[in-house]
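In the form predicted on its own, a lone chain appears below as structure tokens.
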């Protein structure tokens, strides 16, 4: 019997766990849970004899991988997977997967909501501005970025986009203008929605020089990763450009310094909110369980993220 561990410091909704259990039980697999754990030692103990794992934002590093002697497949319930040590997985022959697209709508709606929040002066009663006719730049056009573009178009916004994986032809059905450089993207965008991964190329890539190319009154919405922001550059931009605004659901390390100092122009949610809807919670967990069963029963590795 295959043993599948759901290791979630921040648990799935109970309804999601019920559906995951139904999928695994139907396949004659045993489901185990480790929820709201407070120490790494609990995780290390729980992974010892499991064949598969489902995690959310939990850190699965080399130590955890080494402790999981029988692990064959690891699934991150969500699109981002920088919390998984992919190199360690590959060395052990473990297949690491994500569940792309399952929380796309939730994140996209959050990004649009944040944009409206900033345009309307944080809903504090002052005069705001409308989005119709403004230009939104979408940096990263995966499932989330494309959804943001479609919603923004529904609000009457113009959309420009940049992603190494898209071409002008591929985006024509979406009526999106594809630009050729990140500098061009920022210089054209009244609003800029970030949907890029955190890697060596993108880390701290959104810096002062790039931000300062944005038009007067510009706003950056970051629902991607805090690491892509050069925080010194962000602070400098907020200090020198009184018209610039920044909002995120991932608090930067300098949050306490920025919070309150730049009223109406800076905001960060207390914790990451992108996938925090009941629908996304269920979708990602169910997809993870289905992928595990499909892997063991059919050898399917469609959503593998390691080599």
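Quantities reported herein were computed from a predicted structural model and do not represent experimental measurements. Numbering follows the first chain given and starts at 1.
The next section is about a form of this same protein that is not shown, the form predicted together with a small molecule.
**Student:** How about residue 219 - does it come within 4.5 Å of the small molecule in the predicted complex, if we only consider non-hydrogen atoms?
**Tutor:** The answer is no: residue 219 has no heavy atom within 4.5 Å of the small molecule.
**Student:** Applying a 4.5 Å heavy atom distance criterion, does residue 147 contact the small molecule in the predicted complex?
**Tutor:** Flag for residue 147 set to no.
**Student:** So in the predicted complex, does any heavy atom of residue 275 sit within 4.5 Å of the small molecule?
**Tutor:** Answer yes; at least one heavy atom of residue 275 falls within 4.5 Å of the small molecule in the predicted complex.
**Student:** If we define contact as a non-hydrogen atom of the residue within 4.5 angstroms of the partner, is residue 138 a contact of the small molecule in the predicted complex?
**Tutor:** Flag for residue 138 set to no.
**Student:** Establish, in the predicted complex, whether 56, 76 and 79 all lie within 4.5 Å of the small molecule, using non-hydrogen atoms for the distance.
**Tutor:** Affirmative, all three are within 4.5 Å.
**Student:** Can you pick the stretch from 199 to 207, 127 to 135, 79 to 87, 230 to 238 whose heavy atoms fall within 4.5 Å of the small molecule in the predicted complex?
**Tutor:** It is 79 to 87 that comes within 4.5 Å of the partner.
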